[in-house]
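Just so you know, structure 1 and structure 2 below are the same protein chain in two forms, each on its own as structure tokens.
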Structure 1
Amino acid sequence: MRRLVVRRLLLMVPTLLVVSVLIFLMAEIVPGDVGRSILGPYASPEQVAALNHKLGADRPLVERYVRWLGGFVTGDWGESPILQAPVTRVTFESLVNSLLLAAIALVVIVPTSIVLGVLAALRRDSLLDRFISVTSLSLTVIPEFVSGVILLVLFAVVLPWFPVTASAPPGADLLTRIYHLILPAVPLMFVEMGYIARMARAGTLEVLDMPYVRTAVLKGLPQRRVVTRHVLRNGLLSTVTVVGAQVGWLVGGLVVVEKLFNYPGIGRLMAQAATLHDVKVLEATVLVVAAIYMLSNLTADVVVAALSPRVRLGG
């Protein structure tokens, strides 16, 4: 287990280096420049050029990349010329907001999806199985911006049970912030719950056909004990991997939901940085999301290794 964790952590370094090169190159080919974004469309080309020179945006590409990467590694992420604020502060404030939204969604998604998937597998080809399968598939194909608009109109406008915006008032306590995030979390539950439930069903069905499970049933063990002691431990390995992969999306891929509910998450910050050509913020947010994605996958692999001796022992 220790070798697994150390090896994966070491592999993160070159991976993040490649990601940094790719995101730097892609940020450079985005149309527009930071000087024009700051001064506006009516500034003269000379004024824009002077500001770009002051910000170092006209320096050679390699020099800019080396300077940015050196500052990023040492913790000096610079200051956003658009937001007029340190990149570190705006990045981690948005990251905390996205992590809170993702945590609220995952608290409901993971246990509910696993229970539904296991129930569907245990009642294979029954009416309950068909209902869960059809419902989960239907929820998965609904885009989050469609369900988000419907929920927003229904439960925030027609029935004012929830606030229109996901942003809590300044100084609000944790419960108030969670209350504001309930409605934005529901579209995420629709998309993820169906996917994870179908994975849990498939993994459980595969294990139920194993000889050792049939042997446990023939020995007369109660179904609850067979499921908890023999089925879940092995049937949910693929589900754990899927959940780990979805954490990265829940943190950095919620641009539509965050814009729809006016929530200052890191996905919305990335979209804003790309639109305004705020290269420093764009590069920092993408690298942070990439690191979270890798760490969530590493956590899922550790959980799988803890559940499966074959994985833990390198089999």
Structure 2
Amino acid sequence: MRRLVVRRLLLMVPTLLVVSVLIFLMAEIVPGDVGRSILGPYASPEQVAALNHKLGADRPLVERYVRWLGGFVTGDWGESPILQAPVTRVTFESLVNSLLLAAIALVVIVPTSIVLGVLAALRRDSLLDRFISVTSLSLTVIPEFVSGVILLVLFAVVLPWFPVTASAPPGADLLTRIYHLILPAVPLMFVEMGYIARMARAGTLEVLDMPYVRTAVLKGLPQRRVVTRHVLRNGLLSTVTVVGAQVGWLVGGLVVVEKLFNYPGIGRLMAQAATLHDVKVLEATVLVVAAIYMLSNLTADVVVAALSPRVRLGG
């Protein structure tokens, strides 16, 4: 078990390195450049060249990469020439904002979707099962900004129950901030819920057919006890894996929702850095997100291993 975790952690390093090289290369073949992004379309080519020189953007690619990498590894992530602020600060400030939004979404998603999935499985092939399956499938495949826009029109414009922006006024307390984040969290929930519900349904169905569940039923245990003690423990193992993998989707969704609701999170920062060719911020945000993504996958696998005697003893 420990060997597996160490191996996976070690594998993260080359993967992240490859990702960082790819981002650098992508930034290299861009049509625009940093100097142009800062000075705007009306600056003369000489001014742009001078600024690029000052920022070191005219140095050879390999030299710039090695220099950046050296700084990044030692914790010096540099300064964003466009935001005129330390990369570390902007990255982690926006990360905290995003985590708050993601946490609100996850707190609702996980229990709701598991309950829906288990319900659908227990009433297999009933009308309720079909309804849950079709609705969750449909909600899952609709892009976040589409459901977001529809929700905005319905619950912020036609019925003015929620604010149209996700950013609470500065200095607002936590409750106000959460209130502003309810509407943006819903599209994220829609997309994630379907997957998790489907996995929970499939996992439960599989276990329901097992002999030991039949034994438990035949022993005369009440259904509730059979479900909570015998079915869920094994049936939800695959669901845990999916929840881990969904964190990656969640981040992709954050990029979209944060743009639509104008929320200063890491997704919006990343999209903005990509548009303005702010390589340092782009590297920092993508690498942080990729690391979180891989760690959450690993955590899910560890949890599965801890829950399942088969995996725990066999591995």
Partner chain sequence: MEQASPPVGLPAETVVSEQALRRRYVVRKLLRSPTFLVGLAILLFWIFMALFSTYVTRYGPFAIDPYNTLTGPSAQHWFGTDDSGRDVLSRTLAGARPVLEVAPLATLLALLAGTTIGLTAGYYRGIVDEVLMRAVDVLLAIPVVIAGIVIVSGLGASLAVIILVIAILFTPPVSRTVRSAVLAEREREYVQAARLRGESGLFIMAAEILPNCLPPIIVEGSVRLGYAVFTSATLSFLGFGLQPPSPDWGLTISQQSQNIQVAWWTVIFPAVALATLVVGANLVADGLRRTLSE
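Each residue is numbered by where it sits in the sequence of structure 1, with counting from 1. The term rigid core refers to the maximal set of C-alpha atoms that superpose within 1.5 Å between the two forms. The structure displayed is predicted, hence computed values, not measured ones.
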property	result
Form predicted alone - structure 1 or 2	1
Large Cα shift (2 Å or above) at I292 between structures 1 and 2, core-fitted	no
Inter-form CA displacement between structures 1 and 2 at V13 - rigid core frame, Å	2.3
